[in-house]
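Only one chain is included here, represented as structure tokens and corresponding to the form predicted on its own.
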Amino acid sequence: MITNDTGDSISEQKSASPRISSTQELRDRFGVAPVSTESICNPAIYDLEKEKIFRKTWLKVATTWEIPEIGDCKVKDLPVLDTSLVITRGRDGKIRAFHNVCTHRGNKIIPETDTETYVRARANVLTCRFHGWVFSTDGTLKSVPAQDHFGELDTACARLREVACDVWQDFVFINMEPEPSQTLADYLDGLSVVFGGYPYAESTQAYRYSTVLDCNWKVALYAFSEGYHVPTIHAGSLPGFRGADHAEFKVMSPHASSTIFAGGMDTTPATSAFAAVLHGSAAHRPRPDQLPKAINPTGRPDFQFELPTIFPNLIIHLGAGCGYPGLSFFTHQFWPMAHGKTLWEGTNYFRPPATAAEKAAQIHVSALHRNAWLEDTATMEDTFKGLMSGAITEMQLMDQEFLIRHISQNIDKYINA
């Protein structure tokens, strides 16, 4: 047996070099028929997804560098789970997750000011503002005002309600099952080996964009799962773009991955200048040598990034600066808020800048990326309205849209399990 960075056992049969399936193999295994729009349009299926997918799978909710110090806390509002979570770093340095619920009468321990809120627990404790109950960041109930007026109160049983929590490559995941049927390592399966080892935690300079879209979460997820749209929808943000090749699909069910190769594009003088700042730095220049061995094994010079898709709602675009200058990786995550409402979060990750010029260059690159994402998100509400009209009942998918077919089939499996 071998172990990952959290010490969890991983079977030796999980290869660090997954087999790249040919187009014909994918067609034979997963089919070529149109995919039904039922799971997008039917509100009853959304209710099943909440219970059978989001409450049973491991979901990424934070990174370790967001809460680096003892007492740091992140609050994450998760309507799809009907709860708010507090992710803490306790006095022992361990990261834990709890329902953001006081065990007295259910008030939120930490009120959110946004979909994500960051606080520091003074003296390593959290205090409910309603009646002043005090909890340690390890969940222990430490103090109750007027405790002697309670006829019966077992403080040991009144600790914060903990949620299963684990870490892979500095990404923090939670699982809502009281006793998860799989460890995080087992759930990630071969993906944890294939994409392990990259120095994700070196890229702590983050630029996060988010918006609430009036569409089903899968419409948003599918839009970022294929490269077929790039030459058309991104004609504005990627002028003179000379084509994309979405290829090298790898299946690690329920997860999958693929590679985007692309030709060059025209750049403005400002973009060229900022790119030169980052490419001239040892910290920010492209580092294809740091990519996991399974990514672009033939060393194609037009490599842009890899798209490991962690079921159900996370895509990591791993590029090591090979695509956008200086950008180590970026992520998209899609959080259902209702059948027809989705919180989309896009985050660019860079290594910390050492100079004002490097910081300005990162902001410029991130803004270019944001512009492309605005083009993507501009389609999603119209797509959902079109599908909800009932004008079509199935989607015609081409080979580069394989990830959509794979995700759709996985959703069906979970719902029908």
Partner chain sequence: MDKTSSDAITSRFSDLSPLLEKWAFPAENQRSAVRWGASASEFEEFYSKMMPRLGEFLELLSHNPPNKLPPELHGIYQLVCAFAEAAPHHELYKGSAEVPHSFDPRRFRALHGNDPS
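Owing to the predicted nature of the structure, the values given are computational and were not obtained by experimental measurement. Residue numbers count along the first chain shown, from 1.
What comes next is about the form predicted in complex with the partner chain, which is not displayed.
- Only one segment in the set 363-371, 386-394, 56-64, 33-41 has residues whose heavy atoms sit within 4.5 Å of the partner chain in the predicted complex; it is 363-371.
- For a residue to qualify, one of its non-hydrogen atoms must sit within 4.5 Å of the partner chain in the predicted complex; all three of Ala270, Ala357 and Glu381 qualify.
- Of the heavy atoms in Glu375, some are within 4.5 Å of the partner chain in the predicted complex.
- Among heavy atoms of Thr211, some come within 4.5 Å of the partner chain in the predicted complex.
- Not displayed here, the partner chain is kept clear of Val251 by more than 4.5 Å at the level of heavy atoms in the predicted complex.
- Among residues of the shown chain, Asp114 is one whose heavy atoms approach the partner chain to within 4.5 Å in the predicted complex.
- Residue Trp344 is the only one of Trp168, Phe303, Trp344, Tyr200 with a heavy atom lying within 4.5 Å of the partner chain in the predicted complex.
- The listed set Tyr222, Phe261, Phe329, Phe274 contains one residue whose heavy atoms approach the partner chain in the predicted complex to within 4.5 Å, identified as Phe274.
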